[in-house]
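In the block that follows, a single chain appears as structure tokens, in the form predicted alone.
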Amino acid sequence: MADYSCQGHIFNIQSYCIHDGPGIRSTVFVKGCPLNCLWCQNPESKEAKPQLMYYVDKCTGCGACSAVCHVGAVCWEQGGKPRTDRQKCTACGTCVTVCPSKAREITGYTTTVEDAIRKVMEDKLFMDGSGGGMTVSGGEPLMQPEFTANLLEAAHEEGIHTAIETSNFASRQVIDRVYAHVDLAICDIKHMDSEVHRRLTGVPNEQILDNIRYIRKVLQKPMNIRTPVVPGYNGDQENILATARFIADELGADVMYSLLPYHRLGESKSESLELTDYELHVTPPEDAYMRELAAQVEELGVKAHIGG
């Protein structure tokens, strides 16, 4: 039986999702990630702890935030806009409560399995009617294995189909613990070349690929593979087709390959986190190029899908 008192750090529970597995789903976004992808679409998910988001376009420069910050984390830039010293900020939320223009908010909070599954259950009628369920995403769900495992088990106890979106960069012990209650594995492969993978994400890919093989061949889980197609980084035909051949040769023809066109949402989120090291400015791939990639993948006998 699931431990409903188990706590985890999440940053959202999103209802009516249609790109995170079959049917209508509720997706629980877990905080924390061991990868540092250059193109990260959810930079607010990287740290397991709560973080302050600051929307400069909403800020009026009234100074209320700096007046209440008890650790002196808010300073002023030339031009009359505040900036947060992230080394000092404790994400206590005091500045959020006094901001009249809603330019500041805290992303991330601690919850229990009981509270999370109660929220998910609010949409069970739509899940059941559409063949949907609950997906645990992130961040990286395997960074919080006990919370994720208990949440998936609780979903099964409520008769809810489960999926997980993950890089699978984790120990075999964690894989066994979490996948005991996974109905569908949605697995990311960022790049097939391990050294390139390290440059792009901060970690090599051997453990990731070994775990994907294990999940498919030993645990025998239904599986989808995804690659974010980022022009100039991993979106070339050579890498995409190498991934498709890996699917065809080692995972099976019934494994779907989803090609995810890069989008620029991560850029604005990075600005809201006041990250100064985000330098990726990529033009999303054209629709015609995505269709060409999908056609080439299918020529190798692998089912291709564009988007989530």
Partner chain sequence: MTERIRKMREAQQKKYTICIERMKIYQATGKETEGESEIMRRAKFQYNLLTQIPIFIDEYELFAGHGASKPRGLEIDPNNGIWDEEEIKALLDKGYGFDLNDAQTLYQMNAQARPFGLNDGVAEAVRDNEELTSFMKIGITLPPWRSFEKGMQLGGGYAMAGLGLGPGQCLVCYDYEGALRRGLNSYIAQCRERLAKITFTQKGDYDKCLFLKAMILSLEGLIAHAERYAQLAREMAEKEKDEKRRQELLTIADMCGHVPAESPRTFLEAVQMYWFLFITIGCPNITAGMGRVDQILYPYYKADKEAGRITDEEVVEIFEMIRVKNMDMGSLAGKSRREAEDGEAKWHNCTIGGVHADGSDATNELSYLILEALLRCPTTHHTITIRVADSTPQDLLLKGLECQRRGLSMPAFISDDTYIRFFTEYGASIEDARDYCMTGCLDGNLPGKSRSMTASMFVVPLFLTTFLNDGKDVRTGIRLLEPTGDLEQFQSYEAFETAFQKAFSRILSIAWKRCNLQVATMQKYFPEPLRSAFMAGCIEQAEDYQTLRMPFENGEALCPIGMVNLGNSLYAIKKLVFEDHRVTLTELKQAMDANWDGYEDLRKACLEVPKYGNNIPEVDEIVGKYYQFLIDENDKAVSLLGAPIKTTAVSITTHQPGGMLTFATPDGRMAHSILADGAASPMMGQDTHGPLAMLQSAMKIPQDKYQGVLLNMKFHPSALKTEEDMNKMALMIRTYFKNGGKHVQFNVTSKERLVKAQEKPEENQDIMVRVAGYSAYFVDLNHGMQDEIIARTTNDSIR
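None of these values were measured; they are calculated from a predicted model. Residue numbers count along the first chain shown, from 1.
Although it is not shown, the form predicted together with the partner chain is what the next lines describe.
Proximity to the partner chain in the predicted bound form, taken as a non-hydrogen atom within 4.5 angstroms, holds for one residue of Gly232, Gly129, Gly72, Gly159, which is Gly129.
Stretch 259-267 is the contacting one of 259-267, 30-38, 63-71, 240-248, since its residues have non-hydrogen atoms within 4.5 Å of the partner chain in the predicted bound form. Taking the partner from elsewhere, Glu47 is found to have every heavy atom lying beyond 4.5 Å of the partner chain in the predicted bound form. Proximity of Ile18 to the partner chain in the predicted bound form falls within the 4.5 Å heavy atom cutoff. Interface membership of Asp57, defined by any non-hydrogen atom within 4.5 Å of the partner chain in the predicted bound form, is confirmed. Taking non-hydrogen atoms only, Ile24 approaches the partner chain to within 4.5 angstroms in the predicted bound form.
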